[in-house]
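For reference, the chain that follows is the form predicted alone, supplied as structure tokens.
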């Protein structure tokens, strides 16, 4: 199970302000806290539509890497920005996000073919969100085919299964679970990744919903999670889920977390 810290994202107002003001201390501290909490990778997003996204994202990557030593997820809807920022990474990054939009494919597929990177693909195309698990699965198969043709191994590909808010669609969480099962049955080696907090948008006690969703996702076959790792109860849910699903030999990590008062 791969845990990706979600908090260095310009959609969060204090982070956007830190990027605009070049507040390196704020960003570095935020990166360190996420690593200390248990993140395996950190998502870095400078925000589309800001002054110069590629320039801001380069600064963000350099600042984060000055503070921590884990790999990064380069997060942008602008494929040119991803290409520009990639050389700044000290460790093998994950590019996020490849979609089925023609321009995105034209820019990123040749780049993927030439570089040893991991890739996060989103089941999006034609300007619409997939409405059913079958729609997600159909897009996932196209992404798998196109990335495979570009030489990307399934184990280096992470498919985002488009978690949506249950406040807007009561069956949204069930659609995600069904999507994961379909994708993993089709290609067991591919990874499925979930931006967990999307499911609770618009509802009270969001963290309760988020941490309850994690074991459901893992049980369906999801193996990567984009979460707020600073929330102790959410990390506790991840640790317990790993133990229950057999990812934690003799529950050693669970016991270590208990001794360290992480659970």
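Because the structure is predicted, anything quoted here is derived from the model rather than measured. Numbering follows the first chain given and starts at 1.
The form predicted in complex with another copy of the chain is left out here; the points below concern that form.
Looking at residue 62, you'd find every heavy atom of it more than 4.5 angstroms from another copy of the chain in the predicted complex.
Proximity of residue 240 to another copy of the chain in the predicted complex falls within the 4.5 Å heavy atom cutoff. By the criterion of a heavy atom within 4.5 Å, residue 244 is counted among the residues contacting another copy of the chain in the predicted complex. Another copy of the chain is not shown here, but in the predicted complex it comes within 4.5 Å of a heavy atom of residue 205. Partner proximity in the predicted complex, defined as non-hydrogen atoms within 4.5 angstroms of another copy of the chain, places exactly one of 77 to 85, 105 to 113, 167 to 175, 129 to 137 at the interface: 167 to 175. With the partner removed from view, the residue among 35, 236, 28, 58 that has a non-hydrogen atom within 4.5 Å of another copy of the chain in the predicted complex turns out to be 236. This chain appears without its partner; in the predicted complex, the one residue of 195, 54, 216, 67 with a heavy atom within 4.5 Å of another copy of the chain is 216. Using a 4.5 Å cut-off to another copy of the chain in the predicted complex, each of 199, 209 and 251 places a heavy atom inside that distance.
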